[in-house]
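This document starts with one chain, in the form predicted alone, laid out as structure tokens.
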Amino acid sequence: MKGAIVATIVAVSIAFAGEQFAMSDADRAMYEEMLQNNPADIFVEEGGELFEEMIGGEVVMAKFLGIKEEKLPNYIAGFPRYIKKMGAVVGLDQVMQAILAEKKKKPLKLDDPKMFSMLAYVKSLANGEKINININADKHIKASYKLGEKTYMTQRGGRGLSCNSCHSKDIIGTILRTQPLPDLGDNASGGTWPAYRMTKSNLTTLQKRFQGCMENALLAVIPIGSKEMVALEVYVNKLATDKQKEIAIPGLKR
């Protein structure tokens, strides 16, 4: 009953906000222009240079992951995934941290803008590949998916909100903060971040976007790279896998 009440309140408040704050024609025109010339392209280029300099390029990452270099794009499209030598389900940014540590270099923090750029570049290697999270690959990814689903559905904070409160079937399409609330599978959230955010004028990642949502909903913010945050990314990527969506980096977001 509580969940139904929360959903009703959210729907009513969102619909009211949508009448007042729908995206302006000027903003729509800017968005359409940026679709043709995404400002994040420069960050992807920077990320490629950093990746070559700090990591050693695709051949080094493929070797670390224990796969052939030509298999890398398809393999990247299946992240987050369980990496045996790391003993955990991890994201690509955490893989890069591990490679840097193996090279005796100081790892970049997960929220470092340079890491965002490298992550964008590495994911862009898989552009056009279908997102292929396989939650039955091993017990680790299966457990991570279940944790991600729990994290996504659990109502928290004084308002009793969850991720699902704004992305359930009965809420999708209504307007909040000038933009329609999306189906996270249909809009391929798992395959379009890192993305350039027009309202922030910078490149950011899916996990940072999760944190922004949590802050806006007055929820305790889950740390980037934590087991729960990686699990949440696994869950959202599985939604995109089920919709047979493709990697398309860098994304462009309002």
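Each residue number is its position in the shown sequence, starting from 1. As the structure is a computational prediction, the values presented were derived from the model and not from experiment.
The same protein has a further form, the form predicted together with a small molecule, not shown here; the description that follows concerns it.
Is every one of L161, R209 and A217 within 4.5 Å of the small molecule in the predicted complex, counting heavy atoms? Answer is yes for this spot.
Looking at 51-59, 38-46, 66-74, 187-195, which one sits within 4.5 Å of the small molecule in the predicted complex if you count heavy atoms only? Selected range: 187-195.
Heavy atom within 4.5 Å of the small molecule in the predicted complex: which of I131, V90, C166, V122? None of the other options qualify; the answer is C166.
Exactly one residue in P107, G78, P180, P113 has a non-hydrogen atom within 4.5 Å of the small molecule in the predicted complex; which is it? The residue in contact is P180.
Given that the partner is absent here, does L232 sit within 4.5 Å of the small molecule in the predicted complex, heavy atoms only? Residue-level check for L232: yes, a contact with the small molecule.
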